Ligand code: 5GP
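So this first bit is one chain, no partners, the form predicted alone, shown in structure tokens.
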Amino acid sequence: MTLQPILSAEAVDELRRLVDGATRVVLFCHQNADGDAIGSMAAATLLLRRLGKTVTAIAPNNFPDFLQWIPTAPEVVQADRMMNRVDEALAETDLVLMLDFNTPKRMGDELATRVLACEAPKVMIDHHLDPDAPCQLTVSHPEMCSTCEVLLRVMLDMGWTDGLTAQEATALYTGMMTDTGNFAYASNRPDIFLAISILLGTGIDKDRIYRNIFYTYSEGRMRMMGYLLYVKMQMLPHHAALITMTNDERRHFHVKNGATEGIVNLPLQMEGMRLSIFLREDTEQPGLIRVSTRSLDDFPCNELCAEFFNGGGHKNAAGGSLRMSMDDAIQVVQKAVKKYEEKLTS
């Protein structure tokens, strides 16, 4: 069994023309970047430099400390603190590459406005539903487990894996691993493991990558997890659970932004659970509640988030946001669970 091409001959020619014609490339990912966002930007940065390009990688805001070990991650420009660097990069670039988001608004309104105003050609590589951006080329495969998987497949089709390095493979594996909960969901396709075999062939240490992501908790993070499970977790009807966290609670445990990564997955370890919802106050925007959802089997998190939480995503992993108080957000969750009772119990 071999991996089949995902790019048409026309798409290969167009991407080669755009990359060959560029000297300076700027990369963007979504707000609150996760392992797939930083991993795909890191892999693309290393690839493009291997092809002789000058690369600037930009994240809209801060991302978790436990992703800083990924190759090139420490040099990522944080747009909300260095917008002048963003403007300089966009003024000089020949090509904009957008990774791991399906619509520019996921960069935030201010950054999206700047990127869309840039006259350089744009390429989007993503795995979310319904891509919506004015690009010269869009490569979108929602059936794939991660943007890193899509990017690796693009590299294969373009002949760019002939010189694939262990650093590039490390970044790609990190995105695939984190976007599937260490291959616990969205990872039943045989192609995923064929792709992983290519990455392992470069000599990467997948066990160390796992430890770098999951074995770096602070004491505060561990105590916060216990508190959220023992005190804050609410069991909802129809095999669902809700965890909430305020910024005062986050500060009490002295944990940084990003320390809540993975909390939403914990209730699903209980027998019979179908849906987990995590609400947390945004650390930078007062009055904004961030929503994360995870599910098992066929329950559609993306439909739930689109209908109730101004968001979307994948069937088993999706998110959104609500501009309201935590108490009001909890009421929205209760309405959502009631509305989806049939799908939760079927």
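If you're wondering where the values come from, they're calculated on a predicted model, not measured in any experiment. Note that residue numbering follows the sequence shown and begins at 1.
From this point on, the text means the form predicted together with ligand 5GP, which you will not see here.
Think of it this way: in the predicted bound form, ligand 5GP has a heavy atom of just one of Arg153, Arg221, His128, Lys122 within 4.5 Å, and the residue is His128. Residue contact with ligand 5GP in the predicted bound form: Thr56 places no heavy atom within 4.5 Å of it. Proximity of Leu47 to ligand 5GP in the predicted bound form: non-hydrogen atoms within 4.5 Å are absent; the residue sits far from the partner. Shown alone here, His239 lies farther than 4.5 Å from ligand 5GP in the predicted bound form, counting heavy atoms only. Contact between Arg274 and ligand 5GP in the predicted bound form is not found at the 4.5 Å heavy atom cutoff.
Just one listed stretch, out of 312 to 320, 38 to 46, 281 to 289, 63 to 71, contacts ligand 5GP in the predicted bound form at the 4.5 Å heavy atom level, and that stretch is 312 to 320. For the partner-free chain shown, just Arg106 of 81 to 114 comes within 4.5 angstroms of ligand 5GP in the predicted bound form, judged by any non-hydrogen atom.
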